[in-house]
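Just one chain is shown here, as structure tokens, and it is the form predicted on its own.
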């Protein structure tokens, strides 16, 4: 059977998977877990193997984007498990297009992702603009495009979701504090009043899970070293509706600051 099933695992652990997804995994001949766009708790793979009675193989970027997974799907029903929703990463959209060109049937089983979990902050989803990723700065590599994304969204009164880089080889996420310091450094260079110490910032950690943590405050407060577990995201609010502002008050890091 020629088929490729892209299956979303949700945001937290194996309990987030849908019944439909479990049934599809059980039907598959071969099951892979994509492990480079994001990651789930270390026990997720083992628990899914126990629940479905299937051996799950880890699949890196080279294996998937290089075409080996499609080669396998030409003669097998292949299931690709993806943390979050399977179509959030553009690389998976490309896989579907290539599968169709090779007459391989595809099926998509959606799940929760950061794009709906951000509503836990109280911000209205239709008021979000373009998303950007804050990357690690390295010698001779200091990208600034995410700063311009914030500027463009702000000009339209829209919120900005900033994803934080994952350095897979070191199993390390960019911390929210480091991202804030990077943005403040860019502001010093650009001086466009896009991201200053007074800019309001939301940090969301483990959104979509029972351990979620949300903090809201000014960049000068949020950029300090504070304990917050990855994975985390930053949100730079645009124009706040009164209900959004009211909802955010419960997450303020300095509730005594009436100007925040």
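These numbers come from a predicted model, not from an experiment. Positions refer to the first chain, counted from 1.
One more form of this protein should be noted, the form predicted in complex with another copy of the chain, which is absent from this view; the next part is about it.
A heavy atom within 4.5 Å of another copy of the chain in the predicted bound form is found for exactly one of 188, 138, 172, 100: 100.
The contact with another copy of the chain in the predicted bound form, taken as any heavy atom within 4.5 Å, belongs to 107 out of 142, 178, 165, 107. Screening 26-34, 191-199, 59-67, 204-212 for residues having heavy atoms within 4.5 Å of another copy of the chain in the predicted bound form returns a single hit, 204-212. Taking non-hydrogen atoms only, residue 96 approaches another copy of the chain to within 4.5 angstroms in the predicted bound form. Shown alone here, residue 22 lies within 4.5 Å of another copy of the chain in the predicted bound form, counting heavy atoms only. Using a 4.5 Å cutoff between non-hydrogen atoms, residue 17 counts as a contact of another copy of the chain in the predicted bound form. Among heavy atoms of residue 49, none comes within 4.5 Å of another copy of the chain in the predicted bound form. Site residues 4, 38 and 76 are none of them in contact with another copy of the chain in the predicted bound form, judged by any heavy atom within 4.5 Å. Along 100-132, these residues reach a heavy atom to within 4.5 Å of another copy of the chain in the predicted bound form: 100, 101, 107, 108, 110, 111, 112, 113, 115, 116, 117, 119, 120, 122, 124, 125, 126, 128, 129, 130, 131.
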